[in-house]
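Have a look below at one chain only, the form predicted on its own, in C-alpha cells format.
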C-alpha cells in the first residue's frame, strides 16, 4: 500500500486541490483509494460531500494517521491520500512519518518558496521521499514557462530540492470541477486541466515504483538522506 501525503506550511498552496483532483483521477474499482482529511479547515471533506457516490471513501481525522494507514492496508486499500494542515504541527509530522511519498505543492511566489524549506527539512529528517509540484502557475506561452515558474525552479534547484518537470496551471476548470464535487477528468476529460493531472499522476506512480525498488532514472522525487 502507498501513502501519499500533501504537505506545506503555507496556506493556499493547493494541497486540498491536488489531493481531490488526483483522487478523482486515480480511484477506480481495481485501485481502491482512501482519502484522509487531516486539515481542520475540512476543504477535502466539503468536496467529498458534493460528490456522487462512487465508492471513494473519506475519513476526517487530525490524529493517528499512522494507525489509519495501517488499518487501510489491512482493509485492502491500495492508496491512502492524506491532506494536512498548513503548518508543521504534530499531526502533520505524524502524516509525513507514514508517507510513501510527500507531495509539496508550491505556488511560484517568494513567500511560497520560502515556506517549502521547512516541509522539506522535516521530510529529510524523517527520511521520507518528497517532491515539489509547481501549482497555480501562469500558463505557458508557446510552450515556454512564465518567468515566475523559471525563477521558482532555479530557486528550488539551488536548494537541491526535486521538482516535478510539469506544472499545474491556474485554470477555471480546476475550481469549477471542485464546486461540482468532481475532479478535472470527470468535469471535462478532454481539458488541459485533466491532462495536467494525468501527467502528474503518471509521475507519482513512476516515483512510487522507484521508491519500492524499481530502477527508473526519471522519477521526480528524491529519497531523503
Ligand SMILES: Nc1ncnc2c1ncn2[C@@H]1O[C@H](COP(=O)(O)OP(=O)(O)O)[C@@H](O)[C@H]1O
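Please read these numbers as outputs of a predicted model, since none were measured by experiment. Positions refer to the first chain, counted from 1.
The discussion below concerns the form predicted in complex with the ligand, not included here.
Screening 168, 65, 26, 156 for any heavy atom within 4.5 Å of the ligand in the predicted complex leaves a single hit, 168.
Interface residue remark: residue 128 is not counted as part of the site for the ligand in the predicted complex, having no heavy atom within 4.5 Å. Heavy atoms of residue 135 reach within 4.5 Å of the ligand in the predicted complex, making it an interface residue. Under a 4.5 angstroms non-hydrogen atom cutoff, the ligand in the predicted complex has residue 16 among its neighbouring residues. In the predicted complex, the ligand sits within 4.5 Å of a heavy atom belonging to residue 175. Residues of just one listed stretch (114-122, 135-143, 87-95, 68-76) have heavy atoms within 4.5 Å of the ligand in the predicted complex: 135-143.
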